[in-house]
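One chain is shown next in structure tokens, namely the form predicted alone.
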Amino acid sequence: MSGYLDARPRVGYFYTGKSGNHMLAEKIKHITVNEYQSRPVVVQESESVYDAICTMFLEDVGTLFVVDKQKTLVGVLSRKDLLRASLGKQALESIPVSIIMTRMPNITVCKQDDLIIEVANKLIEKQIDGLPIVVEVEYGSRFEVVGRITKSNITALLVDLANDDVI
């Protein structure tokens, strides 16, 4: 059924009382991050700001995730961070990204089984472009980046909803 009608034995068809908005809201409430995630773009904390800028533009992303030698998340770099660092006459090749990045625990993260509507609320609330999708390496203290969710991923979801491509 399309959601407007339901059927029961010996009763027949009846109106469920749900409008199109109710059904759309119900669909969104069950979509998880792993259905719309994209691959993360990571840089090492020892890389230079210049290399990070090149990576950001070559990969066409707005956020880079900074990892240490054990591949665990230690920071995030946004376009604003890199722009701020490039102002002035500094040698960008000699400044490591670890100096300008936003560090843990000031990073908002999400997990693959989080609801996408909750993650969208975090993006709006924090006014950021994307979140790292993580798995815990050590209970509550160290995370490995396994994906990213961005405003573009949320937009793809909206397009799929409009085209009725979401199950």
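Residue positions are given as counts along the sequence shown, with the first one as 1. Computed from a predicted structure; not experimentally measured.
One more form of this protein exists, namely the form predicted together with a small molecule; it is left out here, but the text below deals with it.
Taking the partner from the other structure, the small molecule in the predicted complex has no heavy atom within 4.5 Å of any heavy atom of V74. Of the heavy atoms in A52, none are within 4.5 Å of the small molecule in the predicted complex. When the small molecule is considered in the predicted complex, D68 lies well away from it, no heavy atom lying within 4.5 Å. Of the heavy atoms in L131, some are within 4.5 Å of the small molecule in the predicted complex. Within 4.5 Å of the small molecule in the predicted complex, a heavy atom is found for all three of D81, I107 and Q127.
Contact with the small molecule in the predicted complex, defined as any heavy atom within 4.5 Å, is confined among 112 to 120, 25 to 33, 99 to 107, 38 to 46 to 99 to 107.
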